[in-house]
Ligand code: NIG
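The chain below stands alone, shown as C-alpha cells; this is the form predicted alone.
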C-alpha cells in the first residue's frame, strides 16, 4: 500500500468513488473533488441552481476554497478524489425534526386504520402524552440509542446538518435530557446538530386545565435553566388556541427567550389560521413552520421580517390534511421556503429528506429549484446559519454526492436513495 493509499484509508467521510494521488508541485488546497457536476445552489442569472458541469471543488481547513470549472482549477491538492460523474450539492439540511423521543405510536396508527377516533385514542392514553410518558421513562443513553438509527437514515441521504427539538418531556429534567441526547448525536456522528427547546409543545398532564400556569413555568423556570446550561440554540413553541397555546401565551415564552439571547421559531397555522405567521414575524423568528393556513398578510409580514417559511409535507400527508399552503401568496411576497421532514412519532414518522423533496413537489407543487433550495440554502437560513447551504468559497465544506443524471432526479424518485457520499467540514 502506498502512502497516498494509506492516507485515503485512514481519512473518514471522504467519498470512496475515486483514486487518490499526491501531485509533486505546490499544494494550495487540502483536498480537491474532480470529475463531478456541481449544483452550487448559488443562483446565477437565469439558472436558479447555479449549475457547473465538469466542475471541481477545493477545500482548505474545512472550508470551500475554490469552486468552478475543472479546466480553471488554479492549483493542486494534497488529496484528489475523482467522483465518477456524480452531482455534488451542498450538504443537505433537515431544519425541523423531533428526532429524539421514547417509544413509537405504531399501535395508534393501527387503531386509526381500524376506525378509532383521535378522542378514542386519547381516552386510551394515546396521543402526544403517550410519547411524553415513554420519553420521561427513557434514560439519556436510551434516547441516544433509539435516535441513532433515525439519524443514520438521514445521513445516508446526504444530510450534514440536522435540527433536533425537545418537547416530549414537558418538565425541566426530561427536556434537558432530550437536549443533551441531541448534543451527543453530533458527537457520535459526523453531522452538525442544532437544538431547539420546545417545552411549549403541549400542556403536560400534571398541568391539565392550567395552560397559563404551565407557560409561566416554561418562561420563568424551564427556559432560564436550559439557557444557563447552553443546551438550546433556539426556542420553539406550538401556537394553536384549540389544542396547544394561544398567541398571547406563546408571546410570553418568546419574550423570555429574547431576554436570554435565544432566537425563536414557531409551529404556526398548521390546523387553522391562528395568527401564527404574523406572530413569528413580529418577533423576527428564524422560521414559521407548517403554515398551511397562514393568510397572505401574515405571509407578507414573514417575508419582510426575514422569517423563513418551513413546509412539512410529511405531516400534511400523514394526517391527511387537505388545506395546502398558499404558495401563490408565498411566491408573490418573496418568502424564502424551506422543506423538512418533521420527523416525529405522531404525525410524520418519515426519516427521509429525499421523500420530502418529492412530496414538496407533488403535493405542494414546488419547482425543483424551490425544493432543492428548501433543503440547502433556505434550510440553513431557517436555522440561522450563514456558513453553509451553498457551494461557495468561504463556506463550510459540507457536500452531498449523488449518482444522478441531473438534479431533478433528487425530486423525481420515490423511495430511491441515490446518495453515494458525504463530506462534512472538508472530510
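Numbering follows the first chain given and starts at 1. Everything numeric here is computed off the predicted structure, so don't read it as measured data.
There is another form of the same protein, the form predicted in complex with the ligand; it is not shown, and what comes next is about it.
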**OP:** Decide whether residue 98 counts as a contact residue for the ligand in the predicted bound form under a heavy atom distance cut-off of 4.5 Å.
**Re:** yes
Original post:
Within a 4.5 Å heavy atom cut-off, is residue 254 in contact with the ligand in the predicted bound form?
Top reply: no
Original post:
For residue 201, is any heavy atom within 4.5 Å of the ligand in the predicted bound form, or not?
Top reply: yes
Original post:
Do residue 207 and the ligand come within 4.5 Å of each other in the predicted bound form, heavy atoms counted?
Top reply: no
**OP:** Choose one stretch from 148 to 156, 220 to 228, 352 to 360, 338 to 346: the one whose residues place a heavy atom within 4.5 angstroms of the ligand in the predicted bound form.
**Re:** 338 to 346
Original post:
Has each of 29, 60 and 160 got a heavy atom lying within 4.5 angstroms of the ligand in the predicted bound form?
Top reply: no
Subject >> Candidate from 135, 195, 80, 270 lying within 4.5 Å of the ligand in the predicted bound form - any heavy atom >> reply: 270
Original post:
Pick from 176, 281, 128, 264: which residue has any heavy atom within 4.5 angstroms of the ligand in the predicted bound form?
Top reply: 128
Original post:
What residues, if any, in 223 to 241 have a non-hydrogen atom within 4.5 angstroms of the ligand in the predicted bound form?
Top reply: 238
